[in-house]
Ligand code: CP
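Just the one chain here, laid out as structure tokens, in the form predicted on its own.
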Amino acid sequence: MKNFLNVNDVNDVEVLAQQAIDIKKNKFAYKHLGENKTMVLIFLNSSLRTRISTQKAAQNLGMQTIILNLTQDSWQMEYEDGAIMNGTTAEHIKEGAAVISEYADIIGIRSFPTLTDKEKDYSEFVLHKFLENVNVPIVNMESATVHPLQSLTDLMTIREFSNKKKPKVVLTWAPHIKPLPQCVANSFAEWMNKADVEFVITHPKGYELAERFSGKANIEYNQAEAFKNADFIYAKNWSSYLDYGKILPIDEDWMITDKKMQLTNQAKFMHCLPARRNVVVADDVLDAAYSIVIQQAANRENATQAVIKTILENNQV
């Protein structure tokens, strides 16, 4: 693994998830790998779990970490080639990224989509601008289309809590007050399609994901039908991909409630967090014993550590 950009950088998702589970048993066993090395974490948008878990994972491996809030702590960056920089941007990505890579052994990058320009977002414009101008490995801490660290964590968590080899996993759309990216849903779908699970996506019509992400998943527009015999319910909102970045009018109530959870096979409830209570999911679900959102969030550290460890070993960084 040279970079960790998406699921295609992973040879076997199940093996990597198991490595994360094993690392959890002794977080400091590989501390020698990162000794005298630095990971720079670049944030172009807000973060809680990703920021803390990635920093902790790198430190567990003996690395120093530097956090850079690119929109606040540094010059405003220009990404367009041939730009006449007589506006608000003071530094071009060609120099900015190149200089950062002189200080770093690994770079983590987190950015969001515009939700207005589908072509640019789905080309992963910002992420690839960094890739073009650095000479060290990159870890995707969420980009315009995917969130692979979250998805590896999700698979790890499913394996920890599953009592069967091939559980039924349901990704369900849930309401939100504002348009959100498709990143988490896209990423979860492509990882589940490579895992040994029965995978179902349920959402209102008009919220179909891009086919390259939904893949071989069973698409079910009836949420109650999708929940039947499910072992894991993963709730997440996303805006429309077809009517890009828009919230569409829907007639049914898609919020996750305890009554809906009772349709399942005593399923565990999952969410990447943050979750808006009583909009996305009801209090009695988040507070229930079957909710594993905190354990899921805690696993971000271990999953990220498995990724950084692999990069350190494979690249001899």
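A residue's number is simply how far along the shown sequence it sits, counting from 1. The structure presented is a predicted model; accordingly, all values stated were derived computationally and were not measured.
Keep in mind the form predicted in complex with this ligand is missing from the figure; the text below concerns it.
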Out of the stretches listed (61-69, 255-263, 27-35, 45-53), which one is close to this ligand in the predicted complex, meaning heavy atoms within 4.5 Å?
45-53
Does any heavy atom of L273 come within 4.5 Å of a heavy atom of this ligand in the predicted complex?
yes
Against this ligand in the predicted complex, would Q150 count as a contact residue? Criterion: heavy atoms within 4.5 Å.
yes
Heavy atom to heavy atom, is H203 within 4.5 Å of this ligand in the predicted complex?
no
Does E142 reach this ligand in the predicted complex, with heavy atoms at most 4.5 Å apart?
yes
If you look in the predicted complex, which residues in 159-188 sit within 4.5 Å of this ligand (heavy atoms)?
none
